[in-house]
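Below you will find one chain, with nothing else, as structure tokens; this is the form predicted on its own, and questions on how it binds or moves follow later.
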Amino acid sequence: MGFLRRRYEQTKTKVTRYTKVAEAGGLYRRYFVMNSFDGALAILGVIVAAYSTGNASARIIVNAGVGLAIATGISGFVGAYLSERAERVKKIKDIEHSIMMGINGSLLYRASKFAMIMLALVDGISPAVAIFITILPVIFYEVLPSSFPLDYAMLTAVLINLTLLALLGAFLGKISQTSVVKYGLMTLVIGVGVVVLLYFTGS
């Protein structure tokens, strides 16, 4: 137990140090919120569009959600990794050019490589998590279809999704040290607007 605790503390210290050196803390938060928001709105569109047809299928919604999670996860990971790698490689080369020596193996070099991977993971995982959380009631219905009507599962999924959007907004409010309620309501209104727009468009 003592060994595991020491390893945990060492890892925590290293992560904190690399994050600070790479100036990635703010990026982690922005990537998490932006991509969770994208994933939440995307799956919200799937559910509302399916409901508005009047012939929704739990299996189709779940399959669409899984496909969307995989696609956005891969897209987010690859896109974030390549863009961050390009920016940080350029930064390292600029530093090497200015000091006229290589910095491979330095703390900044290691921290930059760490930040590339972590930002890519945050970018890829966050929309997938938002999608999975949203479709949990529909997955539960698919496993136990006689437990409650599909309409209830879809309505619960929409409510979970709107709650998630409000929490993301509140998190932004906390980060900006302004109004948690204001930001929460803003993202909630956006979600409700998407529901209304898609429902009446589909109908």
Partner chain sequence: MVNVLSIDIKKLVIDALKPREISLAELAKAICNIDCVEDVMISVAETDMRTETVRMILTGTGICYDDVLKVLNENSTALKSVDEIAVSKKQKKML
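Numbering follows the first chain given and starts at 1. Remember, it's a predicted structure, so these values are computed and weren't measured experimentally.
Another form exists, predicted together with the partner chain; not displayed. Remarks below refer to it.
Highlighted residues Arg17, Ile95 and Gly105: every one comes within 4.5 Å of the partner chain in the model of the complex, counting any heavy atom.
Of the listed positions (Leu188, Val21, Val194, Val180), a single one reaches within 4.5 angstroms of the partner chain by any non-hydrogen atom in the model of the complex, namely Val21. Residue contact with the partner chain in the model of the complex: Arg110 places a heavy atom within 4.5 Å of it.
Residues of 153 to 192 that come within 4.5 Å of the partner chain in the model of the complex, judged by any heavy atom, do not exist; none qualify.
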